[in-house]
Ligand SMILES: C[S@@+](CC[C@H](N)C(=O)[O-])C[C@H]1O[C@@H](n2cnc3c(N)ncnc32)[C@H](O)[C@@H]1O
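One chain follows as structure tokens, the form predicted alone.
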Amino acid sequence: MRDREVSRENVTELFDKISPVYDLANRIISLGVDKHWRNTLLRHIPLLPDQTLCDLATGTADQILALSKSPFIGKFYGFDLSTNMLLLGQKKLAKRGLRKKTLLQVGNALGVPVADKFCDLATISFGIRNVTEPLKCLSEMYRILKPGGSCFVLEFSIPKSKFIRAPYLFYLRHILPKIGFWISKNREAYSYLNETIESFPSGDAFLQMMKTAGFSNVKQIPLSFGIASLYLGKKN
């Protein structure tokens, strides 16, 4: 497998280029299941009033839109390095009447522009595999959370079952890049997606990374037979 470090360094430019078709590509490539995955987080939001949430690598704000259904979150902050994605997110939030309770701004997941112990909830969905230092990203999530706060990481993973894994890897390697290129006309973006999914640590390896960052009560919830996973952790 080729070294994709250079692509991770230039990932902002990549997402700026594909931003006009990013949401459409996600729906088609995942057969719409990505919306279900994002909604899964709703069931794990602590039942406490007026919580503040920070969403890293927020993109076009799909995760914020999904979690806006929760009556327990009073304020949303979304951070991303792609200004084009953020502009699209702002338009989507305005249509839903969420501009007053949401702030989107340019911000790096490796250096979130907020104070220590700022929020009750920290999320990152399908973004942590794109950062150059995943452990540093998790450490930032730990830093910005208040004691007792919750961390949620939604990410692609590799299914354990060989009956699911084999066709899934075939799809990733041979079909997904073709569909992505057909939609975006950007060949690099969706070959990059395939390679980062396969190379990124998942399962126990990622849970250990969360523990190293300081999180306790870490847990993995496989979604769609392990094609994606929701990881949870608490800050003591």
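Here the structure is a predicted model, which means the values were calculated and not measured. Residue numbers here begin at 1 and follow the sequence given.
There is another form of the same protein, the form predicted in complex with the named molecule; it is not shown, and what comes next is about it.
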Q: Go through 151, 119, 85, 73 and name the one with a heavy atom inside 4.5 Å of the named molecule in the predicted complex.
A: 85
Q) Among 11, 21, 223, 213, which has at least one heavy atom within 4.5 Å of the named molecule in the predicted complex? A) 11
Q | in the predicted complex, segment of 138 to 146, 93 to 101, 119 to 127, 158 to 166 with a heavy atom within 4.5 Å of the named molecule | A | 119 to 127
(Q) residue 57 versus the named molecule, in the predicted complex: is there a non-hydrogen atom within 4.5 Å? (A) yes
Q: Using a 4.5 Å heavy atom cut-off, state whether residue 184 contacts the named molecule in the predicted complex.
A: no
Q) Using 4.5 Å between non-hydrogen atoms, is residue 81 touching the named molecule in the predicted complex? A) yes
Q: Please check if residue 194 has a heavy atom lying within 4.5 Å of any heavy atom of the named molecule in the predicted complex.
A: no
Q) For the stretch 152 to 182, which residues lie within 4.5 Å of the named molecule in the predicted complex by non-hydrogen atom distance? A) none
